[in-house]
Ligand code: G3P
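The chain below stands alone, shown as structure tokens; this is the form predicted on its own.
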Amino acid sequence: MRMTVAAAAVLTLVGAAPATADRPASTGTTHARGDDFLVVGHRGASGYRPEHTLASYELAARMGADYIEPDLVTTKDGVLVARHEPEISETTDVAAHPEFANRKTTKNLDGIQVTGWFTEDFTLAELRTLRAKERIPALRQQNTIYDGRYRVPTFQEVIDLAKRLSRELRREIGVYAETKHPSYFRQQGKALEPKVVETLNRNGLNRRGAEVYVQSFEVSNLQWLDPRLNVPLVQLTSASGRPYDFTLAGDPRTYADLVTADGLRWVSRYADGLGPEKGQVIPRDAAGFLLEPTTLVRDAHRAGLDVHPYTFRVENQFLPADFRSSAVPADYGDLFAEIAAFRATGIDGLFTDNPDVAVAQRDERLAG
């Protein structure tokens, strides 16, 4: 049955309690704020600034986000930096640098041949000569005015920024880090996970209660991190496919298997939370309208897992048909209504490119 806007409004009135009634008592590993609902600035405030820049992260924090989310890759000299992918032609001006023309190459990235420039072929000093640019300019033309203004930040700089803003804003700004393509980097002798542990240790953040999460679309790296980190780990899942480390290991299970009740109990052996693609929480029909919610949130809570779905964006391109304002992909639709519909399922937080909207929705709910 299709969920209309009216149905979403009903869900908002119902609230989250029924979906969380079976949830076990807190283990102390979650980081609840406000009404126990987390707003994660997805790649910062990437709806308003080029993603994975200090400017994007800072804006997210100033908009009220509880966490900022760096995707972590590595340089040739082993420094963790924030980029959406190891291939950087879509997010930097590397193609305009003739001195790096000979670095363009084709690599096997998780079973797909990808041509471009890769972070692991650049030292940090070389990467510092590049500047970030908007990844989806056709949808976010306004962000392109910031192209060329910001450099690629290191993981340490993101942590330093979070610490500085925590002092300035007088509230804790957390870091919700993702290890990107861990098997790919491990195959090249540049495993990300030891560097993550080292960085968190160096900053006094590898401790219970630290405002840090570590997430991944793969499984074996989270299992490796589990006994080495004292912060929550989050298993990311996609609406299709399987973890790439499963492919390498010949494990036939898919993401769909991981989000079954049995799969979630298995995930809870090494992870504290689940980061599903939002369609796994409320699917859409062929026309893009919301259907009835699945049992994912209830099943995850029964397994002791928090649920932080991704990614909530204001443009029509990304919204369910219920909440689009027009047929123009770049126009803004009703993100408030989409967030309300998903919050009614009992989710514990969300990833958003527009943290100001999510924070406003949370504040209105608290006030109202």
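Every value quoted in this text rests on a predicted model; they were computed, and no experiment measured them. For every residue, the number given is its place in the sequence shown, counted from 1.
Only in words, not in the display: the form predicted together with this ligand, which the text now covers.
E178 is the sole member of E178, E126, D272, D245 with a non-hydrogen atom within 4.5 Å of this ligand in the model of the complex. Site annotation in the model of the complex: the residue of E338, E69, D66, D306 reaching within 4.5 Å of this ligand with a heavy atom is E69. The partner is not drawn, yet in the model of the complex one stretch among 115-123, 211-219, 143-151, 186-194 has residues with heavy atoms inside 4.5 Å of this ligand: 211-219.
Contact annotation for R49: none of its heavy atoms lies within 4.5 Å of this ligand in the model of the complex.
For R298, no non-hydrogen atom is located within 4.5 Å of this ligand in the model of the complex, even though that partner is not displayed. This ligand in the model of the complex comes within 4.5 Å of a heavy atom belonging to Y310. Taking the partner from the other structure, this ligand in the model of the complex has a heavy atom within 4.5 Å of a heavy atom of L236.
Shown without its partner, the chain has H42, R43 in segment 37-67 as residues with a non-hydrogen atom within 4.5 angstroms of this ligand in the model of the complex.
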